[in-house]
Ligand code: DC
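A single chain, nothing else alongside it, follows as structure tokens in the form predicted on its own.
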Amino acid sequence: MARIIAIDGPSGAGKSSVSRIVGERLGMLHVDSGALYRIYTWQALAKNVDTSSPAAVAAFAPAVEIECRPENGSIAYYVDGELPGNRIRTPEINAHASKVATVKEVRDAVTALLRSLVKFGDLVVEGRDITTAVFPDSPNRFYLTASAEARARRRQKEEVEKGIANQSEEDVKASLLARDRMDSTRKYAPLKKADGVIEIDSSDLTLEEVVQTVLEAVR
């Protein structure tokens, strides 16, 4: 049976960086579940689907086909034979992703896809409902959090490094808080700290300190 390390938390808490490094250290594949919701959002916008209409998104969801391949220590997602790259990391995608992610049909499809990845071996899976809905029985479950200010700084820094920044730090913070509200109040599989998870507040911790905390707990 595949070993699963499940990591949840809000945007900008450091899930991706921590999960990627933990995967490298332990020889496990890193899985970014958030990218899947971004792909659904990207495809919906490309097909002019009204993302504010759950019915329209639900009807469109079965048309999205995603191929998963283990590459360079992570699961890579291909759409029509191509990697989406930074096309799914833009502020426009950010603005619509939470609405798409509230749709049950989308979440069910993503959950099924994530669970199917165990065929590739041991996984470090990050997201917002991994510890509660996708792999709730994993003995290795973590909830990463940080202050809104720390998360905004990190997210803006990422956008600058990727060359897609067009928001101030305050705008990024407002966007993160809006997404927090939507993610934590959605009806289906909301973002929340599950019972029994290990919570790590990374506001004043270095990336390496968070990684070591996870590794020590897993060992």
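For clarity, every value in this text was computed on a predicted model and none was experimentally measured. Position 1 is the first residue in the sequence shown; the rest follow in order.
What comes next is about the form predicted together with the ligand, which does not appear here.
Peer 1: In the predicted bound form, which of the listed residues (K173, H30, R186, R154) lies with a heavy atom within 4.5 Å of the ligand?
Peer 2: Partner contact (heavy atom, 4.5 Å) among the options: R186.
Peer 1: Taking 4.5 angstroms as the cut-off for heavy atoms, does Y37 touch the ligand in the predicted bound form?
Peer 2: Taking the distances in the predicted bound form, the answer for Y37 is yes, it comes within 4.5 Å of the ligand.
Peer 1: Classify S74 as contacting or not contacting the ligand in the predicted bound form by the rule of any non-hydrogen atom within 4.5 angstroms, answering yes or no.
Peer 2: Because no heavy atom of S74 falls inside 4.5 Å of the ligand in the predicted bound form, the answer is no.
Peer 1: Does V124 make contact with the ligand in the predicted bound form, using a 4.5 Å heavy atom cut-off?
Peer 2: V124: no contact with the ligand in the predicted bound form.
Peer 1: Just checking whether R141 would be counted as a contact of the ligand in the predicted bound form - the rule being heavy atoms within 4.5 angstroms.
Peer 2: Result no; R141 lies far from the ligand in the predicted bound form.
Peer 1: Tell me, please, which stretch of 178-186, 53-61, 66-74, 146-154 lies within 4.5 angstroms of the ligand in the predicted bound form when heavy atoms are compared?
Peer 2: In the other structure, the partner sits against 178-186.
Peer 1: From first to last in sequence, which residues of 97-129 have any non-hydrogen atom within 4.5 angstroms of the ligand in the predicted bound form?
Peer 2: A97, S98, A101, R107, G127, R128, D129 sit within 4.5 Å of the partner.
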